[in-house]
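One chain comes next, on its own, written as structure tokens: the form predicted on its own.
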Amino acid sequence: MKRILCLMLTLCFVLAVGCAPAQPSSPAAPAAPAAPGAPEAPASSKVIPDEIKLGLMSTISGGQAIDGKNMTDAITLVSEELEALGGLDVDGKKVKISWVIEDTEAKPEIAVNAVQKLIEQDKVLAIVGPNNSGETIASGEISQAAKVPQITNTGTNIKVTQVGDYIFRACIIDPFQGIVVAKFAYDNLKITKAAILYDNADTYSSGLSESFKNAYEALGGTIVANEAYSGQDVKDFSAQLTIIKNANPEAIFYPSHIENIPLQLQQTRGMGITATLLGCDSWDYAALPDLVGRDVLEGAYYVTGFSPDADSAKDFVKKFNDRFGYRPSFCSAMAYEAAHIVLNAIQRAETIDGPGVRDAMAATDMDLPSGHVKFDEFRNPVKSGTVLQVRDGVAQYVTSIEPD
């Protein structure tokens, strides 16, 4: 009986222990770290779209319509090159590039409206142009605020890129251009007395006038007359030219837009002034001798940032001339280069957006028709100034002057 009772008590104890609530266990020791292996690549933030829109702003109409044609022809050539390649190659993907073109009419207020449309309505990634400094400065403020990269082809005034770090240029700047003309006149032509005829209502013209005057006087030359007119609508320059004639300069510098150059030079020679004619990059058009008169322009010199005779330009000049039937100007060459700077930046950008393209543009390091191009810290290209002389109706290479 006792044996049975003991067995029953033992069984009850075992059952009681088995039904007791479980007690919390001690924390487990941390697992040993896994053996190091190759790190996982971070997810790429570069989203490549099927199509990218770019803007072009230019003087399509008005007195500077020749600029507009040169620029649109350059962009047409760029577009046809891309079409032949099936699009822009971005990391192995062919991307369609579409251009939206806006007319600035050479007016800053129109340029502001145009850039707002391009950014807000058309959603462009970047903008080429305008070709004038005044319109570039006005529109650049909008692009800067919106973080949309903008690169002018021929906006040479020093204030252009001072708008902000999203604003670039493909051309030489006015201070350097004025220095090149002054050095060439004083050192190469041995001219010691010069005059200036400029537009005091235009940023480009007044900036070039000032830089030429300062550089020429610093070299030892004398400005015997510094005559201004006001606005592109002026057609009679006889009052200014009379003062210049009486001052008897050896050379006259005309920092003028294409719409004023023919009348100014024709009136100069018509008054019997025989001084050497000096010009700037706005003179660089194959049609200029015919617009002015070959006899009037013969022997004139001007500075530009592009020489069609350079080895680096031969392929571009041939393609452009074969396609459009005229030799590319400084304006068209710089529009072509500006477009390729943007396209190259898109290919290299870490992200295809305003900031990404801006950073890639700042790091530009490439060969273009004008030569090898890099940007300085102010987003101005580092390149030489080229002096051309009109002989037998054709602008021909004379010399190059490097930045100091």
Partner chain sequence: MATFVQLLVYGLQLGSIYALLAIGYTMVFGIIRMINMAHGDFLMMGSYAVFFIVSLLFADLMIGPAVALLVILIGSAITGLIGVGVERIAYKPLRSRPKISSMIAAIGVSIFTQNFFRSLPFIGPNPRTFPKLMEDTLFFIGGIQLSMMRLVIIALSIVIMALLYLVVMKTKIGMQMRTVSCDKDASSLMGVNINRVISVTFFIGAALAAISGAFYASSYPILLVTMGATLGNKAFIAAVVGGIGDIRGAVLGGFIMGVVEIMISAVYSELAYGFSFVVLVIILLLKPEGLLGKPMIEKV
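The structure presented is a predicted model; accordingly, all values stated were derived computationally and were not measured. Numbering follows the first chain given and starts at 1.
From this point on, the text means the form predicted together with its partner chain, which you will not see here.
Proximity of R294 to its partner chain in the predicted bound form falls outside the 4.5 Å heavy atom cutoff.
When its partner chain is considered in the predicted bound form, V373 lies well away from it, no heavy atom lying within 4.5 Å. Although the partner is absent here, G270 lies within 4.5 Å of its partner chain in the predicted bound form, judged by heavy atoms. The shortest heavy atom separation between A362 and its partner chain in the predicted bound form exceeds 4.5 Å.
Across the proposed site, L219, P249 and T276 without exception lack any heavy atom within 4.5 Å of its partner chain in the predicted bound form. T242 is the sole member of Q121, N321, S98, T242 with a non-hydrogen atom lying within 4.5 angstroms of its partner chain in the predicted bound form. A single residue from the set L189, A145, L85, A228 has any heavy atom within 4.5 angstroms of its partner chain in the predicted bound form; that residue is A228. Here the chain stands alone, but in the predicted bound form its contact with its partner chain, taken as any heavy atom within 4.5 Å, falls in 260-268 among 126-134, 300-308, 260-268, 76-84.
Along 185-200, residues Y198, N200 each place a heavy atom within 4.5 Å of its partner chain in the predicted bound form.
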